[in-house]
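Only one chain is given next, in structure tokens, and it is the form predicted on its own.
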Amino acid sequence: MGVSFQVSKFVILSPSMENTQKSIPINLYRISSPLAVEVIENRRLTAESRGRKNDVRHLVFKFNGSYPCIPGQSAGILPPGIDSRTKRPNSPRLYSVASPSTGDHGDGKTFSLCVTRHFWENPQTGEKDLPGAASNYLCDLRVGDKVKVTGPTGKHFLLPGDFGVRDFIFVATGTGIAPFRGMLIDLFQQGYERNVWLILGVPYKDCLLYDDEFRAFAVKYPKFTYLTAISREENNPFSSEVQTRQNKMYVQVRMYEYREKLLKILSGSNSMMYLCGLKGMEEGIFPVLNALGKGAGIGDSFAEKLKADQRLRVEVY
């Protein structure tokens, strides 16, 4: 079942990227003086049958006062307890905001996160499948629980103020979808009518995050293109051109499949590309970008050119 959003206006950002960044409030709340927020929703986005290792949650938090976070920023979560490695209180963990500028309820009094349970291995003790302190704390929260929050933080991954004259390509893996969900809602609520693409990669089809929302957008907005890459259920049909581990389907393969259309968009000086997800995803995407650029006579380092022109933004973790 999809989430319904109240269509309401948010402040139109300045046309200047530089001025936009200067006007964005950050670090309003710190470890010494965090904001207390209340959980009003904790919804699992992936199939229960996938177990704890593929447990991804959509969490909505309500707050009193002010917490002006926008898509592309992160909220700091202060998990209770002591860090087993440092023997000190747990430090804040940053999570990308998954909600639009007005929050999930459209009243400016909520924000949401997209969180997956994380498990880690201690190389010193050899212990495996240790639950991550913050992610498991968040996933286990119940409606009515209170959480301490710092931030918001971040300015480099925001939509530009002149978004109305730009085309966008968003590429995400897993919970890297979080900022793009909020960005898309913001764009469409503002009457955005240009080309915007979303390519989402996940391991299984029943692990597609916010899939019903994006499919609804694709029906409602003709210039929105939504593509998925299911790594453990789909094969790579371009294995000689784009090599992947065990010929699996990854987002870079989907990019290559639609290379002509994507290159047409990226060749325009008003286009922007955003990548968000697991660290290392860029290692598969940049060679595809460079191959597209070389084939179009743009040069051997198309990815670097996009970066230099401030048209490629990368957020990996």
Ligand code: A2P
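Bear in mind the structure is a predicted one, so any value in this text is a computation, not a measurement. Just count from 1 along the sequence shown to find any residue number.
Below, we turn to the form predicted in complex with ligand A2P, even though it does not appear here.
Visitor: Quick check on this chain: which one of G268, P68, P287, G280 has a heavy atom within 4.5 Å of ligand A2P in the model of the complex?
Guide: By the 4.5 Å heavy-atom cutoff, the listed residue in contact is G280.
Visitor: Which of these residues, L35, M273, V60, V251, gets a heavy atom within 4.5 Å of ligand A2P in the model of the complex?
Guide: Checked against the cut-off, the match is V251.
Visitor: Mind telling me which stretch in 170-178, 86-94, 99-107, 135-143 gets its heavy atoms within 4.5 Å of ligand A2P in the model of the complex?
Guide: It is the stretch 170-178.
Visitor: T225: heavy atom within 4.5 Å of ligand A2P in the model of the complex?
Guide: Outside the cut-off, so no.
Visitor: Is there a heavy atom of P203 no more than 4.5 Å from a heavy atom of ligand A2P in the model of the complex?
Guide: Heavy-atom contact with ligand A2P at 4.5 Å: present for P203.
Visitor: Any of the heavy atoms of R245 lying within 4.5 Å of ligand A2P in the model of the complex?
Guide: Contact with ligand A2P, yes.
Visitor: I'd like to check something about S231: if you look in the model of the complex, is any of its heavy atoms closer than or equal to 4.5 Å to a heavy atom of ligand A2P?
Guide: Yes - in the model of the complex, heavy atoms of S231 and ligand A2P come within 4.5 Å of each other.
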